[in-house]
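Before any questions on binding or motion, here is one chain by itself as structure tokens, the form predicted on its own.
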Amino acid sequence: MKTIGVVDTTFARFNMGRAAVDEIQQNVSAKIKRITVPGVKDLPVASKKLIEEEGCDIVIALGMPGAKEQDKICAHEASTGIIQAQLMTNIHIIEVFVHEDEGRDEKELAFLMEMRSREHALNVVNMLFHPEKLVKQAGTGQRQGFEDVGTLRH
């Protein structure tokens, strides 16, 4: 049975991990290993540990960087760490960040956090179980959280 790792943070203002796990469980039968860490800078090592110590076949790393410039710098560093962990393990880690200033208000921010978590959870399922579905979506302007933008016409 395939194993999916889910790592999320306590800093986030929405339970992104719960949304991702729920979406995965609605779509596929897989073992899920979930851990929660304080913030986005903790996601790379937690993801790597899920792969190396728990045998995860893929990991979804969910976090919410704050709105300040320093938070955006920390998000970039976390993203770089996630990329490094992928290269070190040769396993995909799907990064799911929702910046605190992406929503116009708290209601839109919560909607965005849930939808981006769920839609990326479906990407994880498709990468692991149905890669042909992603091939069919190539070039279609998919956006996780907000409305898709569609294919460019020329």
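In this text, residue numbers run from 1 along the sequence as written. Everything quoted here is computed from the prediction, not taken from an experiment.
Keep in mind the form predicted together with a small molecule is missing from the figure; the text below concerns it.
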Quiz item: Which pick from Ile91, Val125, Leu109, Ile94 sits with a heavy atom within 4.5 Å of the small molecule in the model of the complex?
Solution: Ile94
Self-check item: Residues Gly39, Gly66 and Arg143 all lining the small molecule in the model of the complex, heavy atom within 4.5 Å
Solution: yes
Self-check item: is_contact(Phe14, the small molecule) in the model of the complex, heavy atom dist at most 4.5 Å
Solution: no
Quiz item: Does any heavy atom of Gln26 come within 4.5 Å of a heavy atom of the small molecule in the model of the complex?
Solution: no
Quiz item: Should Asp57 be counted as a contact of the small molecule in the model of the complex, where contact means heavy atoms within 4.5 Å?
Solution: no
Quiz prompt | the small molecule contact in the model of the complex: Lys49, any heavy atom under 4.5 Å | solution = no
